[in-house]
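A single chain, nothing else alongside it, follows as structure tokens in the form predicted alone.
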């Protein structure tokens, strides 16, 4: 095993880059802008330029680099082809091969960003020590990365783990961003929790601390939930019951050792974890009842860690 590896987490606004030792130690991290002009034509060349500059600065030779892992905000097939990546303007690009050419033959592997975040948490984070885990990311949407026997499960089209778009309410009348109705994302994301909150506030007659807040957010809901606000309690209970039940169904298919909860909403911490776990335990199939819950611990660096772990497989 060579000494160093690079992790590159490409987002729609910035690319997060990290220099790691292959033992799992993050040595340095930095960011560069994501240039999405001209259908993202310059993104990979910009990254290659930045990585080469870092190698020169740190006096690292090509023979010292195990490889470069790349996380992308879209589906990535097993052969490394990105069918489409709307946020970057890409269609049918083999990112690994293109990047290897730009980096003079250094090994490159690419995967979906949610999947590499899960891989990172399995390697050095909340799922450390496990080989079978599911990471659920609660942010603007609901993301998911599935790890089975230590390997990412991307599916045949790179869409494995899209649990945000499983149907949890067939009676929903408002469409999800994907065009379907009743998706998990409509209830368990940050925007979904805020929506539930607005509905509860419109229906409830008791006073709530949430009424004193101009624009209700998921963070505000959990802040006053911790203070014992009754309306916030009912909002969190609805959110937790929907997510807990959805995860109980997922467990019947995947049977992971641990569910790792990450994303911006997870900053609510143990109260969130406890609420979701309560409903999971009530609904779980008996053989899956021992699955534990943990909070993600690597934050925004999880993707970079997972990218490096990707090249060690």
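Positions refer to the first chain, counted from 1. No experiment lies behind these values; they were computed from the predicted model shown.
Note that the form predicted in complex with a further copy of the same chain isn't included here; everything after this is about it.
- Taken together, the three residues 154, 163 and 252 all lie with some non-hydrogen atom within 4.5 angstroms of a further copy of the same chain in the model of the complex.
- 146 is the sole member of 218, 146, 188, 224 with a non-hydrogen atom within 4.5 Å of a further copy of the same chain in the model of the complex.
- Think of it this way: in the model of the complex, a further copy of the same chain has a heavy atom of just one of 198, 128, 204, 78 within 4.5 Å, and the residue is 78.
- Though the partner is left out of this view, residue 66 does not reach within 4.5 Å of a further copy of the same chain in the model of the complex, counting heavy atoms only.
- Interface residue remark: residue 287 is counted as part of the site for a further copy of the same chain in the model of the complex, having a heavy atom within 4.5 Å.
- Remark: residue 140 does not count among the residues lining a further copy of the same chain in the model of the complex, judged by a heavy atom distance of 4.5 Å or less.
- The closest non-hydrogen atom of residue 158 lies within 4.5 Å of a further copy of the same chain in the model of the complex.
- With a further copy of the same chain left out of view, the stretch that reaches within 4.5 Å of it through heavy atoms in the model of the complex is, among 224-232, 207-215, 178-186, 80-88, 178-186.
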